[in-house]
Every structure is written in structure tokens, then in C-alpha cells.
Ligand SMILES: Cc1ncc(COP(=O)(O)O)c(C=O)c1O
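Shown below, as C-alpha cells, is a lone chain in the form predicted on its own; questions about how it binds or moves come after it.
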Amino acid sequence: MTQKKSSRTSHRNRTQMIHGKSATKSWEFSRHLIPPITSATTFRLDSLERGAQGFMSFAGGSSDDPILIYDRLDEPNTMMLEESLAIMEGTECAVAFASGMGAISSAILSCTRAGQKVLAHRTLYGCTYSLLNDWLPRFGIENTFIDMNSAEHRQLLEDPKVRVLYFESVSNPNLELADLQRIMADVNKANKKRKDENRIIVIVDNTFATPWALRPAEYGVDLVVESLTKNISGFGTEMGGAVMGARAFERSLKLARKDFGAILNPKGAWQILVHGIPTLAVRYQQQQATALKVAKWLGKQPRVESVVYPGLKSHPQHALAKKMLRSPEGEFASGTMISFTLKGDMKKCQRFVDHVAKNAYSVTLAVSLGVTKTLIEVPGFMTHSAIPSEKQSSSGIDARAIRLSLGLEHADDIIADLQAAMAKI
């Protein structure tokens, strides 16, 4: 854009989320307040030489004059989205993908080769577990699942096969926090004994926290993964993913995206850029306030066995949460997700959730999270069903645990619907 703006570094994060970079070469829209949606799959080239130059320079880093060739390589809306994501995460670059799993798969595969190992936290999103356990071994990439917060388990970093350390900053679904400061201290210690080409690369899925509540790169994490489908998009209309990190990773990530075909649709990129990112702060703060109110209410109910929410003092890592989960403005950002269990067996859990599904107005039985509507699900039977039932316990997943993603409805309406369902069990 050619309009003049002061340096973005002098403005707060929520302002940058609305305006993006102060200047971009991705698209010229000096007379557009909102960037237009791009629809072309291929782009006009001035000469054969420029076409050849574009293919040679692809994924070679930022350029003052990007050469657009084909939208599976790069296209304007996605490039502008990536600029905004990098600002949010505080990284040198970002690469967007068709989905969160596209981002996770590309991040891991671009950093590993046969004979190496991924060391992962025991509690992971079901599809991530499936990727590590079912698919990567086919390519000769081993895996070991550990308790990432256990100093004893982190001794496995001494294994020379370990190339990637992978975990979620706030685990899905049990809301356990990864102690980034301690983990990175151990990784840095282990890397001092390694050559640079074999150093351990740390990849963190930050989907639950979002960059509004936590920016893992500030702790020295190499790559941050976000599912754009969730809070960042926020409206349940677009699917996407992204990997943020140092410029040194950009080329391999873009090549992986090109060859795997995990390219984000330009219209989806536009929606996230124009509607999702600019509203993230206000949506997250409102959903978070509702989550705290609902969590406190759940904690007082006689039919509830336990409630897990980082904003509650009862959370086993509440002190760590108050230290780590901070908005760019320095406020405690306890999140928009709650996990709770009811007293009794699985049948009571099922009766409760089924009643919500059939009768509730403000709470919907559906997967995904971070959208404007409040969603409820049972991860052990739904999003985490890829993890065999006999292994869910060792993964820290209670089959009866109910996951609640708070939307923008009035908190009292959500509570009323939950209360009505509890009366039926």
C-alpha cells in the first residue's frame, strides 16, 4: 500500500492486528481501505526471463519486488495474511497452510528425515497423535511420547536421534500448560553438545492460547503452529493453519506447502485477514470473561466432579498460567476453553451431552473451538478418538471429560442451558 503510516513498532498489538504492515509489496491498493480478494490461480509475467527468475527465487525470502507466478506458490491475500501473523507472533516470517494439520505436517516433515525421532508430549490433539504414530513411522521417523513437564523425561533430549521436540503450549483437551522456560533451558543445554545441523528444533502448537494470550517465540521456540480455523479466524467459516518462525525456516516450509499441495485458499486467507485477525482481541477477551464465569459456576455444582480452567485457583498450574498467559498488553489471559467431568459413569456424561445437543439454545454439540458460538464435545469419543481407548489414560485423557469452547453468547444463557441438562442426570 502506498498510503503513509507511522512505524508499526510504535503502536500496540491490537492496533497492528487491524492495520497490518505499514507497507506491503504483496498488493497495491492505495485507494482501497480493505484489500481486494484475489481470484486468479495464475499471474501474468512480463517476460520469460522474469518467469525464470520467479521460479529461481521462490521461497528465497522476502523481496521488495515479489514475482507472482501461480497461487500454489504465493498469492497476495495469503502473503498479507502471513505478514500480519508474523507481527502477532513476534517472528521473522509466517507461512500459511490449508489447515492446522497441513501446517503441523509440513513443519515436522520439513525438519526431519528417516532415522530421526520426534519427542512429543503425551497429550496431543487426536490427528496430531495419528500423524506421529501412524504416518511418520512409514517414512522412518520414530516417535516417543513423554510428559514434557517431567525433568526426568526430558533427559531423553540426550538421545542423538531426537531432532524435533513437539508439544502444545496449552494441551488439548486437558488444559495442561507446558513450562516453556524450563523446557527451553533443557533444550538449549542439549543443543550446546550438538552441531548446528543436528540441533533439536522445538515446534509448539499454540492454538488454544493464540498469540493474544501467549507468544512462544519469546521463549526461544523455533516454530509456532496455529490452527487459523479456530480463534484466529473466529467465525467458523474458514479453515487454515500457519507456521511462524525465523526466516531460515521459510524456504523449507514453502517448498513443503508447494509439494504437498497444502495451500490456503485465497478467499479463506482474505476472510481471516480482514475479519478474523482484526477482531481477535475483542472476541478473545469477551469469550475469556464468559469462560471464567462459567468455570466458577461449574465449580459450585454438586453434580460436577472437577473443573479445569487456567483462570481458576484450583488449576494445578494456576501460578504458571498467571506467569505465562499474558496478553500483549500485560493482562492475564486465562483462555476460552474449559474441561470438566461429571460425577458418575460415562452414561451420565452421555445423557448430559445428549440433552444439551437436543434442547440447548446457546450451546451446540460440535467439534472445533474458538468460534463465536459456544461448542461442547467429549474429546475421548470425538476429536481424540484416533488415540486408542487403552492409551487415552496414559495420555492424560479422561474418557468422561467434557470440553467446552465459550462463544459470544451471554454467560447467563450458557449457564441456564447447562443447568437444565444437569437437572436431567
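Here the structure is a predicted model, which is why all the values come from computation and not from measurement. Residue positions are given as counts along the sequence shown, with the first one as 1.
The next section is about a form of this same protein that is not shown, the form predicted together with the named molecule.
*Asks:* Is it true that Tyr284, Thr374 and Glu409, all three, sit within 4.5 Å of the named molecule in the predicted complex, judged by heavy atoms?
*Replies:* Not one of the three qualifies.
*Asks:* Looking at Glu168, Asp222, Glu75, Glu89, which has any heavy atom no more than 4.5 Å from the named molecule in the predicted complex?
*Replies:* Only one option qualifies, and that one is Glu168.
*Asks:* If you check Lys230, Arg257, Arg215, His121 against the named molecule in the predicted complex, which one has a heavy atom within 4.5 Å?
*Replies:* In short, Lys230.
*Asks:* Could you tell me if Gly234 has a non-hydrogen atom within 4.5 Å of the named molecule in the predicted complex?
*Replies:* Judged by the heavy-atom cut-off of 4.5 Å, Gly234 is well away from the named molecule in the predicted complex.
*Asks:* Is there a heavy atom of Gly268 lying 4.5 Å or less from a heavy atom of the named molecule in the predicted complex?
*Replies:* Heavy-atom contact with the named molecule at 4.5 Å: absent for Gly268.
*Asks:* According to a 4.5 angstroms non-hydrogen atom cut-off, is Asn172 in contact with the named molecule in the predicted complex?
*Replies:* Yes.
*Asks:* Ile104: heavy atom within 4.5 Å of the named molecule in the predicted complex?
*Replies:* Ile104: contacts the named molecule in the predicted complex.
*Asks:* Picking from 130-138, 77-85, 203-211, 285-293, which part of the chain touches the named molecule in the predicted complex when contact means heavy atoms within 4.5 Å?
*Replies:* Comparing against the named molecule in the predicted complex, the contact stretch is 203-211.
*Asks:* Within 91-130, which residues have a heavy atom closer than or equal to 4.5 Å from the named molecule in the predicted complex?
*Replies:* Going through 91-130 in order - heavy atoms within 4.5 Å of the named molecule in the predicted complex - the hits are Ser99, Gly100, Met101, Ile104, Tyr125.
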